[in-house]
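Just one chain follows, in the form predicted alone, and it is written as structure tokens.
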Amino acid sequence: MTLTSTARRLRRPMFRERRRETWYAIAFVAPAAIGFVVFYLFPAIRGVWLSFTDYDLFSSGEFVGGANYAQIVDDKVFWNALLVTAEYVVVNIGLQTAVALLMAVLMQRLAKSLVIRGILLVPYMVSGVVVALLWQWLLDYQIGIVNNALDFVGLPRQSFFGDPALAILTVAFINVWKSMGYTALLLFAGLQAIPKDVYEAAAIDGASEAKAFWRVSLPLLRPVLALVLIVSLIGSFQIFDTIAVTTKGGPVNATRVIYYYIYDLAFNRYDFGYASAIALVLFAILLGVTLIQLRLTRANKSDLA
């Protein structure tokens, strides 16, 4: 028996084992891959095609070129929806990040209990529809607990969902309440990753608590803050459930955000071609803003290095 034949015999079981492991890996990956292709990739490609047609569910749709995109330029409802969305994004991200950062600092300094962290996650784990129904009842003009409390202390009742000046702010508040616990835990994890030696060095240099936070914690928290801002930005542009339950885009388009406008065009007016075009414009906006955020926040760099 030659050395070559012996080596071949030894390699055969190894090849069989590798082949078996490969099939196991394919079996585990296949369901997720099939789901991605069926529910994400194919609809995305079809959406791109539909954006160049006048498909309306009742006909096969004809190719119209860039007519749908040209229509966007003169669509006042689209520009109003984009403006309302921008207002919501600014309020939601600004308030949510500020409150979550405060909660994260308080958890780090005062309370590190697992029970408290679990309680903070409860609103985030609840369905968005349930949260919207809860706050719709709490803020109801006639029977809502909040308005009854205002009336009790002598303040006028407020139409939180019926007043154009308050509606989008109310929707933003609801989603801040729902998501701030999750955001706070992300920031808390980032604070925990900062070495204690850095704080000790700052204390030796005479830095106060406030100064250590602004000069040490915030700069070292930048990668996590960048992640939080990007995730919050994308989620804010996709706000739908709260508006669909509470205001349905009203009053007077005051809460008709871009996501709800796309839904209204596609599933109420059956104008899938135009809705797909707006969806692609929204994708381009999100991609551009995200890249700008990554560049400005330097998310891939840390001051700890």
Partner chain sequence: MKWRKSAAVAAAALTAAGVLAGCGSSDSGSGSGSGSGGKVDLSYWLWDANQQPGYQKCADAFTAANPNISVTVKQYGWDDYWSSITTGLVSGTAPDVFTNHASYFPTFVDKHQILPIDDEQVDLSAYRAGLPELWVGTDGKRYGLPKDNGLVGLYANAGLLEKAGKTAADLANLTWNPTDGGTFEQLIAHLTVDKAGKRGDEAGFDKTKVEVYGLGLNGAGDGSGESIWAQYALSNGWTYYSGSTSKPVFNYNDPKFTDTMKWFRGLSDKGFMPSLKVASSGIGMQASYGAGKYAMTTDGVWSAKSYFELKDVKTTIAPLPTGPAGRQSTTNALGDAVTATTKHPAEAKKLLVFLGGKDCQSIVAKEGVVLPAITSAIEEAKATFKTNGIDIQPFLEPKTSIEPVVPNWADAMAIFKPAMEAFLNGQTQADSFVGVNDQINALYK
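Take the two forms, superpose them, and find the largest set of C-alpha atoms that agree within 1.5 Å; that set is the rigid core. Residue numbers count along the first chain shown, from 1. Bear in mind the structure is a predicted one, so any value in this text is a computation, not a measurement.
Although it is not shown, the form predicted together with the partner chain is what the next lines describe.
Tell me which stretch of 115-123, 129-137, 186-194, 211-219 has a heavy atom within 4.5 angstroms of the partner chain in the predicted complex.
The contacting stretch is 129-137.
Close approach of Gly162 to the partner chain in the predicted complex, 4.5 Å, heavy atom:
It does: once the partner chain is placed as it appears in the predicted complex, Gly162 has a heavy atom within 4.5 Å of it.
May I ask you to check whether Gly47 falls inside a 4.5 Å heavy atom distance of the partner chain in the predicted complex?
No, no contact at 4.5 Å.
Hey, in the predicted complex, does Tyr141 get a heavy atom within 4.5 angstroms of the partner chain?
Taking the distances in the predicted complex, the answer for Tyr141 is yes, it comes within 4.5 Å of the partner chain.
Could you confirm whether Asp151 comes within 4.5 Å of the partner chain in the predicted complex, counting heavy atoms only?
The answer is yes: Asp151 has a heavy atom within 4.5 Å of the partner chain.
The unique member of Ala27, Val252, Leu41, Ala33 whose heavy atoms fall within 4.5 Å of the partner chain in the predicted complex:
Result of the distance check: Val252.
Let me know which residues along 56-72 have a heavy atom within 4.5 Å of the partner chain in the predicted complex, or say none if there are none.
Stretch hits, in order: Asp56, Leu57, Phe58.
With both forms fit on the core, is the shift of the CA atom of Asn268 between this form and the one not shown 2 Å or larger?
Comparing forms between this form and the one not shown, the Asn268 CA shifts below 2 Å.
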